[in-house]
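Before any questions on binding or motion, here is one chain by itself as structure tokens, the form predicted on its own.
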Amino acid sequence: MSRLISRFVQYGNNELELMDFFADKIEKNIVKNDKIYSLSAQYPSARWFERKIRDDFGLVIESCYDKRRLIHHESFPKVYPMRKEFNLFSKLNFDYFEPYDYEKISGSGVFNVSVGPIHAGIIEPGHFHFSQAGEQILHLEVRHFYKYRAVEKMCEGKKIEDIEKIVARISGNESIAYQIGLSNIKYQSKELHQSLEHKLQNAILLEFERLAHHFADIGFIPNDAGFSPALAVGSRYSEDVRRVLKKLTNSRFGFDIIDKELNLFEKKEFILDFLSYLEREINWFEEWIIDIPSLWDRLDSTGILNKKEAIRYGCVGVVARASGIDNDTRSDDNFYTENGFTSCLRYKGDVASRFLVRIDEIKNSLFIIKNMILKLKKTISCNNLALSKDGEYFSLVESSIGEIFMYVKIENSIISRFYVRDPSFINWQALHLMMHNDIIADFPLINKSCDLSYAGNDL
């Protein structure tokens, strides 16, 4: 635990510090009259946490410079839905309206551009507000949370087994990672032991999910730089992985597959042949894509996030590792390191680095899966009959986007509180830092190089 906490402090990730800070203040009776004290001056990415706390619970954040709503939009009733007294039958005032004041830069020749929340493509709702001087981006504000699915509230009052389908659908590209996070908490709360086969199967599925997402990204990123052939090739590889997932699990996106008896060990030869095919293809793809100078003219030195700022904002996942920060959750797990995991780092923090990290991670995931599949001996068996013991539990899982943090509080064997922090909740806040000195035409490319989840925020 001390190693884990030191890593959070070193890289600026906030969850444990925020929890410890607020818990300490409550225990010492310093939080009074629904007031707590801001951490956003020290940790900029704490700002969204604090705004979410205020929207959910109505707590006043003292000395917080940003007092705007986050997940409650202009016409959302003035209620605090995560308070225990709130329920579906609470009386709501739908005449309430609170204007939202976007961050803007003013000056001669400066104008504002709004993109979204409804987009021409198939992406989910999200608003991007630019301050521009000609083509140059001066500032970007990201505003999401348009659907507010009430995931956290839905999970309250249920047993862990009853929320598995909900958790699996929080964010499609990270479905397996979310399921593993809940599985880890389930095993903790029931004081059950995970067998080696259980760990191997979960990890293999997680790496398959990483492959599917990364292959799609290495196609889409060049496409947003005007090189569409890469999209055709990357999409084909991603589709290949999805079809294999369907054969292995009966679900293209891995819905509802964790802790299930899948008999992966009986399909070793099929999986190994498929891994060999992907290994040949990624080696060919890398050799092909590296030798396109016009593409790298767009990717190099575009959308730079330097290491200092990435640390200050507590960035995670590919975004952090492309800026030289070694914060992959798998690095702290001997189980992963013993099976061939190596942290894939680049150091320029630009679109090119985020693209190359994904290629490196694809190669490493193929190596990890190969090592793990050879160790499988039998079908896993899952004993889920025990009741969850009361307590607070958390889990960290490295999804294809980055580190997922999940927290569950159990009282009387049912969920009293449920919370997840998608890696996108952190990295979206740092996106504006990548826009300085770039033009608005580069925004889709920079945004796609991070490929963050909209749904992961919209709990």
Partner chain sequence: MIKFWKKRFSSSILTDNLEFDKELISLQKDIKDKISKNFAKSLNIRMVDCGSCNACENECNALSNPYYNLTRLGISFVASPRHADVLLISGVNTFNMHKHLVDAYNQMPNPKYVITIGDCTKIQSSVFDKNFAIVGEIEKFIPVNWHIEGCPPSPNEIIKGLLEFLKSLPKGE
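For clarity, every value in this text was computed on a predicted model and none was experimentally measured. Residue numbers count along the first chain shown, from 1.
This next part talks about the form predicted together with the partner chain, which is not shown.
- Site annotation in the model of the complex: the residue of Tyr347, Phe367, Phe86, Tyr100 reaching within 4.5 Å of the partner chain with a heavy atom is Phe86.
- Between the partner chain and the residues Leu275, Ile304, Val233, Leu248, the one pair within 4.5 Å by heavy atoms in the model of the complex involves Val233.
- For the three residues Phe76, Glu124 and Lys147, a heavy atom within 4.5 Å of the partner chain turns up in the model of the complex in every case.
- Contact check for Phe255: a non-hydrogen atom falls within 4.5 Å of the partner chain in the model of the complex.
- Proximity of Gly219 to the partner chain in the model of the complex falls outside the 4.5 Å heavy atom cutoff.
- In the model of the complex, the partner chain sits beyond 4.5 Å of every heavy atom of Leu374.
- Taking the partner from the other structure, the partner chain in the model of the complex has a heavy atom within 4.5 Å of a heavy atom of Leu92.
- Residue heavy atoms within 4.5 Å of the partner chain in the model of the complex occur in exactly one stretch of 265-273, 202-210, 129-137, 282-290, and that stretch is 282-290.
- Interface residues of 140-177, taken as those with a heavy atom within 4.5 Å of the partner chain in the model of the complex (partner not displayed): Phe145, Tyr146, Lys147, Tyr148, Arg149, Ala150, Val151, Lys153, Met154, Lys165, Ile166, Arg169, Ile170, Ser171, Gly172, Asn173, in sequence order.
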